[in-house]
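Before any questions on how it binds or moves, here is one chain, the form predicted on its own, in structure tokens.
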């Protein structure tokens, strides 16, 4: 009797708390018997009692299903529905119009036809053909001269930083531009580094010259030259995360730190997620000659995190010339949308301080505000709050995920929350 009651109470609790949702299938009597280490008769008795009390129903030739709608589960559903995002201004999503899905699917189909290559695990360093294509691409776009043997492919920048931390045996200090680099600073701290901010004498200096802050500030050429000279004189390693360099500039692109330094003490990192889609998680890292030799000596200690199929598809995509065309299209598309949104906000929110970011991708809005930061998400707006103090709020707005026809509605929604 006690065993039967234990099973009854356990399953009832799972149903009432919403761990097993309405319509969810319970394990068969045979499986439950093995799971709870009791006889089938005991399980059957517990199931009969649950059925009589209205928690489950029996479907002939199918099994037992939850028939009770948990208030806890319904509450969670209600919360999700209430927080439905209508206007995503956070910059974490892409506009479907910015990407030709059919073209990408064509290259994916090409990759899937490489059956012999798909039968094996990927190379730890990344597929050789992709590294060759990336080598040519960064030479043409950023004047970064590095052979494929110095390039490492990974699923996102974070995975590459894990490799770099493992190669950097001396656990000294690492500096970040500000505290918004949360994931990077947490990773280095977990490896035993002393994390600092805006500390020019650190052993490792992490910078993103093309997107220094959430405001989209771009590092001027004078500052780039100073950083290269100072780090070389001190013997510091510079990690150049060249995030959004293909979108940033009104005029001629600024030179990369890698090109200015000759690559002796600069690790260059880039990603294709922003150029293509956030879900295509392929990034690359150009190691210094010394770190490249160390990586080659320890290559079997690392595994590849990016899928081979996507790597082959991306290689085909780059070599066909589609990547360059995508860069030009996306740059025009997103900068034009940001300018339009900025103009709409200036008309709708007269009296507020509104300006385009230096990279022309975000709109910076400063306005009086007496509500709470959560009010935006409750009203269906996702965005980044840069500062909120003394009755004024500063918002960083990226309209990349909002279709052009909805920009007016997004501005009206912001106006409603700000109550201007």
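Numbering follows the first chain given and starts at 1. Between two forms, the rigid core is the largest collection of C-alphas that superpose within 1.5 Å. Keep in mind it's a predicted model, so treat the numbers as computed, not measured.
We do not show the form predicted together with a further copy of the same chain, though everything after this point is about it.
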Considering non-hydrogen atoms and a 4.5 Å limit, which listed residue (256, 135, 159, 236) is close to a further copy of the same chain in the predicted bound form?
159
Heavy atom within 4.5 Å of a further copy of the same chain in the predicted bound form: which of 225, 155, 85, 349?
155
Tell me, please, which stretch of 145 to 153, 198 to 206, 176 to 184, 256 to 264 lies within 4.5 angstroms of a further copy of the same chain in the predicted bound form when heavy atoms are compared?
176 to 184
Does a further copy of the same chain get within 4.5 angstroms of any non-hydrogen atom of residue 304 in the predicted bound form?
yes
Consider residue 242 of the chain shown here, and say whether it contacts a further copy of the same chain in the predicted bound form, taking contact as heavy atoms within 4.5 Å.
no
Is residue 385 close to a further copy of the same chain in the predicted bound form, meaning a heavy atom pair under 4.5 Å apart or at it?
no
Distance check, residue 170 to a further copy of the same chain in the predicted bound form, heavy atom within 4.5 Å:
no
Which residues in 256 to 278 have a heavy atom within 4.5 Å of a further copy of the same chain in the predicted bound form?
273, 277, 278
Is it true that residue 351 shifts between the shown form and the other one by 2 Å or more at the Cα, once the core is aligned?
no
For a quick test of reading the superposition: does residue 50 move by 2 Å or more at the CA between the shown form and the other one, rigid core aligned?
yes
Using a superposition on the rigid core, decide whether the Cα position of residue 370 changes by 2 angstroms or more between the shown form and the other one.
no
